[in-house]
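Take a look at this one chain, the form predicted on its own, written out in structure tokens.
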Amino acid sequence: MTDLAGFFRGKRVLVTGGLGFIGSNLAYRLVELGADVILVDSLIPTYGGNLFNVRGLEGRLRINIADVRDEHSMDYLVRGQDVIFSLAGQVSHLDSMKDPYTDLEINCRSQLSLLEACRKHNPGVKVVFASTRQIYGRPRYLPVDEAHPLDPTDINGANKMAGEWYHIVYYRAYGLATTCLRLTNTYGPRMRVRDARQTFLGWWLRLLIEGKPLRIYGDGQQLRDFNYVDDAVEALLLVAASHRANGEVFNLGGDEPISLLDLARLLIELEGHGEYEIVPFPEEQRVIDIGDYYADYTKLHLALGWCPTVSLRDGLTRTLAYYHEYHPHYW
């Protein structure tokens, strides 16, 4: 087993998108492991950064308010770092279709800027890139493994695919130690739940707590897998600490694929009340929907021993409790 405390203790670690959902949960673990942490975030309201996400870490890490699109900032920030977690990104599929140029800037140009800064100023750094299952598009077979063709259905998927390939090329051409993780539906405390632009599950949690019906598009039989954020963080840490992960891409995935209809029923059961309604797909959603998806994470399990440890029921219970307590900071 990888000794994460031994690896990260005293390491200088930079997290882009560090005040967002996954970045802030990662920050707690890194501080716990003894790392010297800098969080970089633009705090643009629509992208999920929230200072409340690192409540309790004041004085135990540093925060730099900067935009990853700013080449000069990144040239400075990457210097001297041992590990960089590249989590900043535009993750809304609908937003990418409405504003493809901004999506291009954040998910492609900024990744290239970060890699160039590392190549020029810190070629020995380890870079872990948060990619997405969206690059696979509509699955041709299930579960989806890393050999599945890449065939994104939206601009976000296309740009994230390019961002991932930049990391692979920089490993092959320049020897930069990069690893790409293809995340599936990650959920948990500190998600942005102001609207449905970034996560339908987060939006469902808010609607449920507010006593409003959950809206399910289509027939509700679409299958999805989910990872509780603690499991996603563990995967990020493991690949950062392993030389065997350099130059590789890995799927994350869950052990409990579930239909959206059954997911809504489970949430209502856990909350103790609520209702759902099945409605037709809005056209803008229908054209980019991927149908059923769940991943095969065997490659990561065999390489580093990773597997999800938090059940869907337990993770949803924890997440509901978090937003019941702290929803004024997220609504």
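The first residue of the sequence shown is number 1, and the count goes up from there. Just so you know, these numbers come straight off a predicted model, no measurement behind them.
Below: the form predicted together with a small molecule, not depicted.
Participant: Give me the residue from Asn159, Thr179, Gln198, Asn251 that has a heavy atom within 4.5 Å of the small molecule in the predicted complex.
Facilitator: It is Gln198.
Participant: Using a 4.5 Å cut on heavy atoms, which of Leu57, Ala66, Leu33, Ile288 is close to the small molecule in the predicted complex?
Facilitator: Of Leu57, Ala66, Leu33, Ile288, the residue with a heavy atom within 4.5 Å of the small molecule in the predicted complex is Ala66.
Participant: Check whether Leu14 has any heavy atom within 4.5 Å of a heavy atom of the small molecule in the predicted complex, and answer yes or no.
Facilitator: Taking the distances in the predicted complex, the answer for Leu14 is no, it never comes within 4.5 Å of the small molecule.
Participant: Under a 4.5 Å heavy atom criterion, is Ser73 part of the interface with the small molecule in the predicted complex?
Facilitator: Output for Ser73 is no: heavy atoms all beyond 4.5 Å of the small molecule.
Participant: Determine whether any heavy atom of Ser131 comes within 4.5 Å of a heavy atom of the small molecule in the predicted complex, and answer yes or no.
Facilitator: Yes.
Participant: Report yes if any heavy atom of Leu87 sits within 4.5 Å of a heavy atom of the small molecule in the predicted complex; otherwise report no.
Facilitator: Leu87: contacts the small molecule in the predicted complex.
Participant: Based on heavy atom distances of 4.5 Å or less, which listed stretch (6-14, 306-314, 319-327, 21-29) is in contact with the small molecule in the predicted complex?
Facilitator: After filtering at 4.5 Å, what remains is 21-29.
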